[in-house]
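Have a look below at one chain only, the form predicted alone, in structure tokens format.
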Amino acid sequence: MVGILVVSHSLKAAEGICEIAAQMGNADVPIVPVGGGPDGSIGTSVNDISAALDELGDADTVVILVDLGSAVLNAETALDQFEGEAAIADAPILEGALNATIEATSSKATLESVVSSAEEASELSKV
């Protein structure tokens, strides 16, 4: 099973994205939000991202969606310390999380297929 990790500078934003992805995608896919500083401020933390990766321990692989620059850097650092299989998708965070959640429900889903599905969201036009 592929798990999804949503990393945002705002925990509330990450939680909202996870809520939308679970309701519009599939609530059976493990999806975990992480974000914000220790005092509720805006930011991301390598330790929090590492803890969230560990929270997805039942997943065989993890696809990570991120919002802004330092979220990418902190996710990459957390991945360096992670012993499981995971990858960061270069995708818009909300649409990518939704696509990833839908793809992850497939019995044939792999890390590559879920990353690819998330990244296809970059090509979506909203207007």
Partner chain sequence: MEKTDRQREAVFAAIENVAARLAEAKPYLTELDSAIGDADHGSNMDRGFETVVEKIEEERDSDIDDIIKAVGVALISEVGGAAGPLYGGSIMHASDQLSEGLTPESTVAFGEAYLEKLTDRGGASVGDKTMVDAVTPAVHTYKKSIENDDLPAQEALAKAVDAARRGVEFTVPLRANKGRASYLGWRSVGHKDPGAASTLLILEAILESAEDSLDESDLEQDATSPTIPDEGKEE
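Everything quoted here is computed from the prediction, not taken from an experiment. Here, rigid core means the biggest group of C-alpha atoms that superpose within 1.5 Å across both forms. Residue numbers count along the first chain shown, from 1.
Although it is not shown, the form predicted in complex with its partner chain is what the next lines describe.
Trainee: Using a 4.5 Å heavy atom cut-off, which residue among D90, E76, D60, E55 comes into contact with its partner chain in the predicted bound form?
Mentor: The residue from D90, E76, D60, E55 that makes the contact is E76.
Trainee: I102, A27, V46, L94: which sits within 4.5 Å of its partner chain in the predicted bound form by any heavy atom?
Mentor: Filtering the options by heavy-atom distance leaves V46.
Trainee: Are any of the heavy atoms in A51 no more than 4.5 Å from a heavy atom of its partner chain in the predicted bound form?
Mentor: Heavy-atom contact with its partner chain at 4.5 Å: absent for A51.
Trainee: Tell me, yes or no, whether E83 is in contact with its partner chain in the predicted bound form, where a contact means a heavy atom of each within 4.5 Å.
Mentor: Result no; E83 lies far from its partner chain in the predicted bound form.
Trainee: With both forms fit on the core, has G40 moved 2 Å or more by CA between this form and the one not shown?
Mentor: After core superposition, the C-alpha of G40 moves 2 Å or more between this form and the one not shown.
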